[in-house]
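So this first bit is one chain, no partners, the form predicted on its own, shown in structure tokens.
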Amino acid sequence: MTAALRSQMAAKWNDGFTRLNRTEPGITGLISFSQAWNVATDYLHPRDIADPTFGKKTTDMAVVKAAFDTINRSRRLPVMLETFLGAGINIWLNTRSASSFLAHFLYDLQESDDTAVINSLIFRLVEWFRAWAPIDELGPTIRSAYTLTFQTQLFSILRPTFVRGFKALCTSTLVPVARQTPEMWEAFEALGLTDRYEGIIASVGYERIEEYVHETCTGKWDTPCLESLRSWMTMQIVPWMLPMYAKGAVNTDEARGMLQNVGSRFDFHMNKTLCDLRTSEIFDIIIDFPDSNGALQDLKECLQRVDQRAALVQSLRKSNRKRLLHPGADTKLILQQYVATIKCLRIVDPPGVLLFKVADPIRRYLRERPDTIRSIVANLVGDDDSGDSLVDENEPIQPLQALETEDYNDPNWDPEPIDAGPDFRTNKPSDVISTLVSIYDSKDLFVKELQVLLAQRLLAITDDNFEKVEKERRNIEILKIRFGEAALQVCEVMLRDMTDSKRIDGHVQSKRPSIVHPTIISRNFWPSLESSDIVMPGQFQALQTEYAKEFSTFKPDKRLRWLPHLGTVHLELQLEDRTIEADVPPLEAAFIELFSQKNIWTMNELVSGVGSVDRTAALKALITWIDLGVLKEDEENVFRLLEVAEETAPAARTAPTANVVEEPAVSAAQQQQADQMRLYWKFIEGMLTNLGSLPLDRIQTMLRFAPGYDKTPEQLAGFMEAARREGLVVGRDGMWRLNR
């Protein structure tokens, strides 16, 4: 050993001896320090509270305080605390008494979720903590060191199952709130559980909020729920929060200030939970509008607090793809849902950013549907079979709004929202009709479709129902406000033609009475009408010739060009044993007129007798008379007039349950009708597979999109009955579904 090292060690020895012996003579100070060390360590040493002698030993606190003071003056207090607090508490927490209790608790917690087990453990731990704690007179330093050491050793021996039991205990304090006691929260605080498991305690409150929101708000859309939810939180959650987050508050104002931050977090979670719920229900909320206005108000307020706008857009677009934008959905229903979406999202987001993002796929899908324009126009003029108008009756009628451009000189100009797309400004919300028309690049498509639809409606008006013309005139006057007078000039000419036609027909009838009442139109102003080469035979031809001659006398500068395939003919057929009245198209009337010449005709003869006509249309016309029991197909393509009704024919129609195998071969007309319906069965089967039970009118509406479908609802009903007899479908209360 070198002299330098020897000198250094001597200096440290002298310094340590001086610190322990202090200024006492000899080793008197060292002896007193040893005695003080023994007194202090004996006092701090943990004792088993299960020991019968625990608490019976008296301690002279004056001696204990003097011992701690001696150790502190010798600057050895930190060493003593580190040695005996760490090692001593760890030893006693692993004693037979403590370890056996912890093991028993952990076993019980794994076997059941009884909160009494975790509750008894916590209070036993608090009992140990308080029994071993040094008195306050020893100062905050020793008390803090002891608390930190005890908590550190405790957390090191607790198993993961403790967290589950602790959470269950916290949950039990919520329902009812009266079950929680101040002693329990004080025990949490003493053991450091409040700070260590603050997230677990908060999650209990969060989960209770989620449970209550789903219980009370799911499917309740008519009234707002936020106010009632906040009242419930004030009555249920806030009292539960007070012992943990507002401990030590002496009055209401102080407690309110202490709860401000944590209360804001719980209110945010409540808003987020309700927002998530309404987001998942948004498609059905839109369907139920306007009865769901309360849910929309909640969603609007929640979105101002919670950043869930992107999730709302994604959820609604996904629901639209799954439940709306598919071939099984009728175009009218898609338009109705689109209009409802416009109204709902304007409530939730007045600037229209959400509507722009949600509506884009709907608009693109509607643009691809061939009947979108017709459906919109039909609804505008009141020709929608569903009876549901796309336009609110209380909404003012106004001209179509043009696309808006930025006006930076406007003092009320606002910048675009931060989540707006690049094309948002040009798609700023306007009235519903302008939004629907803007699906297409030009309103001319709607005007042309309006002309076609008006032509069809006017040509369908009979002489005894001319007041419908005035109704159409009122519709056009309303549409002039939207589309402008110049765009609807052709419609004005068409309506004028209807008035002139009635006046001309009245003049002709006064000169030469006739049962013919034609609608006379201007060829250059009406939409192109389907042409036909049908030639009306017999008395029909004579009636047309007489009427045209008298018309030429009244209008010498004009001549009539008949469209014999359009219109309706009222017939009264006088047979030997019966009289049949029917309103039929001209082709059916032409065929039955030929049977006045002879009773039996072939298909080729009938077609030649009325000019050039498609055989499919001819068969359809003949089937009408077969169904009325006027004609019968004896052989393939050979038809006979039934002057006397056959007794077996009605019985055959009313008793369709005969064995199919034993029936005779189906005639050509019946065979074609059956073959066509078998083709459409694939469409019907697909509808019932994808959409479930459907009424007959819905099936008829959707079948109109099938190529070449021209069956009447009565014919479809007959086919569905036949399919039911074959076991393919089941019909109940007007609803049809597949028989599975």
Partner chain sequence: MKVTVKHWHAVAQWRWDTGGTEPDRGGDDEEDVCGICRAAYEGCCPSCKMPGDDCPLIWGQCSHVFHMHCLLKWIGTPASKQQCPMDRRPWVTAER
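Residue numbers count along the first chain shown, from 1. This one's a predicted model, so the numbers in the text were calculated from it and none came from an experiment.
What comes next is about the form predicted in complex with the partner chain, which does not appear here.
A residue is said to contact a partner when one of its heavy atoms sits within 4.5 Å of a partner heavy atom; residue 570 meets this definition for the partner chain in the model of the complex. Although the partner is absent here, residue 215 is not a contact residue: none of its heavy atoms lies within 4.5 angstroms of the partner chain in the model of the complex. Under a 4.5 angstroms non-hydrogen atom cutoff, the partner chain in the model of the complex lacks residue 347 among its neighbouring residues. In the model of the complex, the partner chain sits within 4.5 Å of a heavy atom of residue 593. Among the residues 600, 644, 478, 560, the one placing a heavy atom within 4.5 Å of the partner chain in the model of the complex is 560.
Think of it this way: in the model of the complex, the partner chain has a heavy atom of just one of 259, 459, 226, 303 within 4.5 Å, and the residue is 459. Residues with any non-hydrogen atom within 4.5 angstroms of the partner chain in the model of the complex fall in just one of 435-443, 540-548, 609-617, 285-293: 540-548.
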